[in-house]
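Read the single chain below, which is given as structure tokens and is the form predicted alone.
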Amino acid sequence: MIVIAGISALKGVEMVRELETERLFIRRWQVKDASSLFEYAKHKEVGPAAGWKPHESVLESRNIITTLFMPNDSFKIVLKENNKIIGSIGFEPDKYRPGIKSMELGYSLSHDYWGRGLMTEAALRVIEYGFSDLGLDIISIVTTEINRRSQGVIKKCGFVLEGNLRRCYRIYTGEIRNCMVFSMLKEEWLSRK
């Protein structure tokens, strides 16, 4: 199911309002979702592996929705079985490829739902949206060396490791981490279908 609404960060490209998989609805964030985001983003194991601090309040979660999620091509992940928001996924401009039809994919998932293949399921659907609907030529993912769970999703989705960047990402504690840069070309995605 795809409902068209809005304009993407890519000029002139329309954004979808909802995507669907077997177990998930992938929908646009709304301000009213702040308490649901806070519920999983406050967990001490969710954000730190990705380099962001656990949320401290519903107001902080609301600010993330309005300043980060809503202006970008971002979605909440809703589990069909209980209609609960369990994560986030979306695109932001690819800082390493300006002027190319490329976006960077980012995601997070509630600790309560780790190990079920849900993020891989959501990522595969959003990757399809990126190549089919947004007309991207390449999708990248940047993660840190310690984020093993993210690396598992990346590999299951078929991304290729481009290389490591040393001291490229300052996390919320001030620590500077190395990054692993992965990408998938549209041709690679098409060959996997």
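None of these values were measured; they are calculated from a predicted model. In case it trips you up, residue 1 is the first one in the sequence shown, and so on.
The following text describes the form predicted together with a small molecule, which does not appear among the structures shown.
In the model of the complex, the small molecule sits beyond 4.5 Å of every heavy atom of residue 42. By the criterion of a heavy atom within 4.5 Å, residue 116 is counted among the residues contacting the small molecule in the model of the complex.
For residue 148, a non-hydrogen atom is located within 4.5 Å of the small molecule in the model of the complex, even though that partner is not displayed.
Contact check for residue 161: no non-hydrogen atom falls within 4.5 Å of the small molecule in the model of the complex. Checked against the small molecule in the model of the complex, the residues 165, 49, 70, 58 give one hit for a heavy atom within 4.5 Å, which is 49. Contact with the small molecule in the model of the complex, defined as a heavy atom within 4.5 Å, holds for exactly one of 127, 138, 64, 153, namely 153.
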